[in-house]
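Quick setup: the structure tokens below cover two forms of a single protein chain, split into structure 1 and structure 2.
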Structure 1
């Protein structure tokens, strides 16, 4: 029994790696039940009339690529399916570059044009202060240039979205992996400007964001890889999130087994110690 408590962690890593790799190579298609929070978010975006402007906060970097790249991709896919106009803005340095990387293939698929159908404002420093500057004037708040260094007012969408207020922006989705992120949008944009807002966060952040969903302050939440997979199913745009769910689920089962084994070992040897 004492051995159960002293398993070399490298064996655990190796087993975990094997489970993930085998599940990726031979997907078994475990069912993914769509949760309420993702469905609420999907329905809120789906209900927006064509031509509405959806503002996407790109507040993460490549370290959460596995979870958040699929979130952005599927959200853009859904937005372009519905002929919504998309504005991307980042409070994290890599956000603008990531938005550019992810929007281009989806825009190509739906024949959407930069500047007319979507605008990449890119990264601007200042966190909540930057958001308030956007509320007053998007062009000034962005120092007049988008991610590509072009004047914001030179594009039709840049001229259309003058302020980050309910008059110009119909829905906000913040895709966040920490701070600055969702709370800045909630405090400085969604609540004072009365713009409906949803969020898409990494798994770690789900528990702290749930109260805002339950209070109705967020119109839904996409949580982690599972949330992205659920949204992919709803938007009929199955991609990398759904493909990774088998691996994630089986890895979760394995980790649970290890926790049980570890606890059995602990309980069995507790008396002896």
Structure 2
């Protein structure tokens, strides 16, 4: 028992790292209970008829990659499963490049074509002012070009989505990590134009977004890595979020085991000192 009190902590860190890496590379699919906010968002997207346009706000950067890259991937996967059209737009400078990085593998999986099935408008400065301009005219609000520098009106989807209004866009999802983000969409797009909206935010932002869910202003919410894992389960597209949850869960079990073993060793040797 005394040896339990003197285990080199480097072995503990090594074992913890192995558990995390192995779970990430070989997800085992530990059960995750799906929350109501994620289910509501999934059902709202799932109910859109084929050909509907879903507008995805890419308002985060790589610092929240672990939580929000899986959110975008699973939402794109679900949208392409349903044969929805997707428009990506960013108020954060890296958003357009991140959308490009994430949409291409999913589009290849479902044989979707850029310009016809999805459009990457990319980053445009101006925050809420840019959104207001797109409500009037998407092409003018985007300065006429998409993320690749091509004229927006040269693509079929660019010609189809003339304005950011309910006439042309059926659903908005803002994937956000701060400001600008969800509040801009609520103030300038979703509320005045009556476009159904959901959001996907980092875990720390969930409490401040919940009032909008409870008031019905959001048609669901995907919160943190767990929310992305729940959405993956519902969309039958298990990926990095579910693997991340496996990793977190197994790491928590291992840490708990270390605590139990350490306390057993302490109690067993306490009387001998």
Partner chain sequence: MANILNPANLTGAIVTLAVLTFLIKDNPVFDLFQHIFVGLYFAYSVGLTYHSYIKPTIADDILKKGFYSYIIPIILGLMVYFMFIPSLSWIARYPMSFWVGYGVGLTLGFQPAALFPQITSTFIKFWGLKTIGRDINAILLFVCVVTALAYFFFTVRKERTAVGYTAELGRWVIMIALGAAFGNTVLYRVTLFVGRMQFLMGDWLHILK
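Numbering follows the first chain given and starts at 1. We call the rigid core whatever largest set of C-alpha positions still superposes within 1.5 Å between the two forms. Here the structure is a predicted model, which is why all the values come from computation and not from measurement.
Form assignment for the chain places structure 2 as the one matching the criterion, namely the form predicted alone. Two rigid parts rotate against each other between the two structures, and the hinge linking them lies at 244 among 191, 97, 65, 244. Between-form comparison between the two structures gives a rotation of 36° for the smaller rigid part, taken against the larger part from C-alpha superpositions. On the core-superposed pair, the CA position of residue 248 changes by 2.7 Å between the two structures. Look at residue 265: with the core superposed, its C-alpha moves 18.9 Å between the two structures. A C-alpha shift of 5.2 Å is found for residue 23 between the two structures, based on superposition of the rigid core.
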